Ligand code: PMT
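Given next, in structure tokens, is a single chain: the form predicted on its own.
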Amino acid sequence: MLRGKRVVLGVCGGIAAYKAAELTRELIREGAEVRVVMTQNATRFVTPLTFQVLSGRRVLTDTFGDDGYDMNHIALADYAELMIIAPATANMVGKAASGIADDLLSTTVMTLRCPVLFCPAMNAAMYESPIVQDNLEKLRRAGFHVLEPAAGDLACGVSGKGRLPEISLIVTEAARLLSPQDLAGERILVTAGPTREPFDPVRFITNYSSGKMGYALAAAARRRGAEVVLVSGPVTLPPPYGVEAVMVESAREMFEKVMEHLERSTVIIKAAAVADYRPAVRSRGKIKKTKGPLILELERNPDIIAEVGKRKGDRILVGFAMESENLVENAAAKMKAKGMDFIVANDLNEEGAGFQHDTNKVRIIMNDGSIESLPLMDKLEVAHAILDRVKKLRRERKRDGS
């Protein structure tokens, strides 16, 4: 995700400084090169040696220190592709917003031309202070990026908003800032997960979908600059950061929400495993067990992608097909019948593909009949491959004037 990227990590003097050690490790695990800059107050919470061991590089604390760099702030500005300040204290936020450069970290911020990501962590009352909020807004207006702190129990004994954002979220946002924004201007509607079709107050018909493929698509699209709406059935996954998540239960609810957001969308990717049928009658009370068989009468659910295909206009429509036999033939027929631009097909018999897995092995079948077979890949990698086809199709349409 960050392989070969050069990241400067600024660590300020707050109790969350110890979490910056974990952040350093995660950035390196993702392939980044990390140089750490610490304020003098930060060194009172965590020693520079900790970060030196984790990063494998000398930690910088002094603008003119004897650490192998001349004019450290200038050298770091030439080195960095991204700067992350975590934790960003109220003091550092205020200095950066006011243009004050009185130590190595604040001076480096003033010299950078690469993206800078502030990750505030402080007392809840301090964070909510109008002065701090005004300073954060100044940073945003100046082109800096700010992650909202998390809420929870704080080291000072109170509970509120002020915890350092989750490490995984910081890494994800770092990857977005270092990714090409080649889908900027697109508004992508993604469906994900299963639907539930109840037949009494405690039971329902559903399937094994985990939502992982759809959530990976939403995360990847947002990383590449798209505005993303995710319409999701019930899953255990947290919505990707920065994505508008709309949670639904049944196929009819998903149909309604997709139609509600269709007009503003430029791309629709339907990765949800929607139930084709629902119980014709829903019992008001729990159905009791009897000696005989239980027979449920089913009726058709609305066909979401077929309806989108009728209304799509110049939008790009992508569907999915999961088959147990005749994969290419069945998927291609579904694509043609429902007006898709291309379809992503995977075989239930392939090991590591389909429901519940973190990986997938797919074939991308285009409307012109071409087929591309992808190897077994992480679902996020599959998502980027699908979005590459969306980008290519959009480019071809612009070239052709359609």
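Sequential numbering from 1, following the sequence displayed. These numbers come from a predicted model, not from an experiment.
Same protein, other form: the form predicted together with this ligand, not shown, and the subject of what follows.
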### Query
Even though this ligand is not shown here, does it sit in the predicted complex so that Ser209, Met213 and Val274 each have a heavy atom within 4.5 Å?
yes
### Message
Contact with this ligand in the predicted complex for Lys270, defined as at least one heavy atom pair within 4.5 Å: yes or no?
### Response
yes
### Task
Would you check, heavy atoms only and a 4.5 Å threshold, whether Thr43 touches this ligand in the predicted complex?
no
### Query
Taking heavy atoms only, is Glu249 within 4.5 angstroms of this ligand in the predicted complex?
no
### Query
Given that the partner is absent here, does Gln356 sit within 4.5 Å of this ligand in the predicted complex, heavy atoms only?
yes
### Task
Just give me the single entry in Val132, Leu117, Ala321, Leu169 that has a non-hydrogen atom within 4.5 angstroms of this ligand in the predicted complex.
Ala321
### Summary
Exactly one of Ala86, Ile304, Ala219, Leu76 comes within 4.5 Å of this ligand in the predicted complex through a heavy atom, and that residue is Ile304
### Task
Tell me the stretch among 48-56, 24-32, 365-373, 348-356 that has any heavy atom within 4.5 angstroms of this ligand in the predicted complex.
348-356
### Task
Taking this ligand as it sits in the predicted complex, which residues of 75-104 have a non-hydrogen atom within 4.5 Å of it? Please list them.
none
